[in-house]
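This document starts with one chain, in the form predicted on its own, laid out as structure tokens.
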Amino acid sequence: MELQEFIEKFAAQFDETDASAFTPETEFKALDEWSSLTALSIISMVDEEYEVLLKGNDIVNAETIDDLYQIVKSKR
């Protein structure tokens, strides 16, 4: 699992936010498009792509995309 690939799959869950807005340091919960539905999409994507079950607390505890990536990586 590579960080850049994770960012691309993460960005694909957003319809209106330009892909260039997504970097390891992006504070994803601050994005205008972020919502509880987006969180569910991220949880589903991680489950399908990486076979890792994220919990709500994992999303709450992550500030940046890299934080979330590290959480997913630690659960593999």
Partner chain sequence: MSYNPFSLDGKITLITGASSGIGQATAIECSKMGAKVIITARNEERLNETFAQLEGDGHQKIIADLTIPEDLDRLIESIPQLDGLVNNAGVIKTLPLKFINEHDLINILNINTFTPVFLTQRCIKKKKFSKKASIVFSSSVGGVYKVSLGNSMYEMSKNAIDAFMRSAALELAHNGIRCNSVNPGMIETPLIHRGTYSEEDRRKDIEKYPLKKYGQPQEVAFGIIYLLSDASAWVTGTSLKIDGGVTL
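Predicted, not measured: the structure shown is a model, and the values here were computed from it. Positions refer to the first chain, counted from 1.
One more form of this protein, predicted together with its partner chain, exists but is not displayed; see below.
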{"query": "Within 4.5 Å of its partner chain in the model of the complex, all of 26, 64 and 73 (non-hydrogen atom)", "finding": "no"}
{"query": "4.5 angstroms heavy atom contact with its partner chain in the model of the complex for residue 48", "finding": "yes"}
{"query": "Touches its partner chain in the model of the complex: residue 37 (any heavy atom, 4.5 Å)", "finding": "yes"}
{"query": "Touches its partner chain in the model of the complex: residue 20 (any heavy atom, 4.5 Å)", "finding": "no"}
{"query": "Non-hydrogen atom contact residue 31 with its partner chain in the model of the complex at 4.5 angstroms", "finding": "no"}
{"query": "Residues of stretch 9-35 in contact with its partner chain in the model of the complex (4.5 Å, non-hydrogen atom)", "finding": "12, 13"}
